[in-house]
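Shown here is one chain on its own, the form predicted on its own, set out as structure tokens.
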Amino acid sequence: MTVLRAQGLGKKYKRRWALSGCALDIPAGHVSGLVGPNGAGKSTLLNLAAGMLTPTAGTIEVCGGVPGSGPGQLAKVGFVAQNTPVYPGLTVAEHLRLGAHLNPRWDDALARDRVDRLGLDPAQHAGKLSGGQRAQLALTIGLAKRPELLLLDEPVAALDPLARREFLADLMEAVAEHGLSVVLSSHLVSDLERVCDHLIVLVDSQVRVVGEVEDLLDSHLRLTGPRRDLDTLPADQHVVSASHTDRQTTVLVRAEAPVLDPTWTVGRLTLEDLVLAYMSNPTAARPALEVLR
């Protein structure tokens, strides 16, 4: 089952395309990490998926329907936007009452249990909470609406390391307990490594690579060996990035078969290696030889 499908998806602001030609299928039941440089289109994609924006081109389908097309569709999607927005003038308890009023699937017991466990004072105004507490309140509301898909746009960017860890631990506990699908946007690859089993790299408003994390790490390799022209590589080794010195070539490839050439030393990548390679080489094409001194 596909929880999000985009075909030729694009969003244009005046003369600038924030997202262009986006083709994407996200399977249900995964925690998908959405990563890319600033301006790549991550927030635009999530806002389109939540129904906060409408496409300029192409189509997007979420949980089997058009985002924002009606109350039933809105109930299927939870969205925690950047800066984990809450209402400063409302208390924690008032946030829960508002959530119950607006969401037909609202799980009041879940919301109150989380508030109690997190030690949030129901009488406290949200504007007086710490950044970590506000993030947890926003996550509580997103979870208590019992969505099929939870969209999180940089929810931990402003949190300290301890608050980030607690937020992500709570997220994983909720995923395990309720079996929902999640798309989590973050610049922090270490956070993605901790919680995500599926990866989307978005660069220059287009999806550059997508797949299950383990499959991507298994199929991407670092090859190091004597300097050579990359045009001599087999057709099933697709170059993502490369660097050269006078004597040595180092190349990151996506390989469709085992590398049998004995002149190469083959190494595995970390998730950060993989993400940075695609972000630093947006076209993922075979680069011309360049000597690095």
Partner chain sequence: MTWLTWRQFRVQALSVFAALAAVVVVLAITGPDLVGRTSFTDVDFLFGGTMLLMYLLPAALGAFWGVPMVARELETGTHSLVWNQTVTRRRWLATKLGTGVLAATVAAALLSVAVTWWASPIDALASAERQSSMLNRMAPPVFGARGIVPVGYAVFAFVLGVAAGIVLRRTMAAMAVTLVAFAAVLLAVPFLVRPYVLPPTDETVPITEQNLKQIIGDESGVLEAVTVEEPAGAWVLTNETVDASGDPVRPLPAEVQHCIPAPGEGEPPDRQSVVTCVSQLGDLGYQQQLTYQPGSRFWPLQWMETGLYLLLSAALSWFCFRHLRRLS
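Numbering follows the first chain given and starts at 1. Bear in mind that the values here come from a model prediction, so they are computed numbers and not experimental data.
We do not show the form predicted in complex with the partner chain, though everything after this point is about it.
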Can any non-hydrogen atom of Phe79 be found within 4.5 angstroms of the partner chain in the predicted complex?
-> yes
Mark Asn103 yes when one of its heavy atoms lies within 4.5 Å of a heavy atom of the partner chain in the predicted complex, and no otherwise.
-> yes
The partner chain contact in the predicted complex: Pro85, any heavy atom under 4.5 Å | yes
Does the partner chain get within 4.5 angstroms of any non-hydrogen atom of Leu53 in the predicted complex?
-> yes
Candidate stretches 26 to 34, 225 to 233, 253 to 261, 45 to 53 - the one whose heavy atoms come within 4.5 Å of the partner chain in the predicted complex | 45 to 53
Candidate spot Gly127, Leu129 and Arg165, all three touching the partner chain in the predicted complex (heavy atom, 4.5 Å) | no
Pick from Glu154, Asp170, Glu148, Glu94: which has a non-hydrogen atom within 4.5 Å of the partner chain in the predicted complex?
-> Glu94
Val209, Leu217, Ala75, Val115: which sits within 4.5 Å of the partner chain in the predicted complex by any heavy atom?
-> Ala75
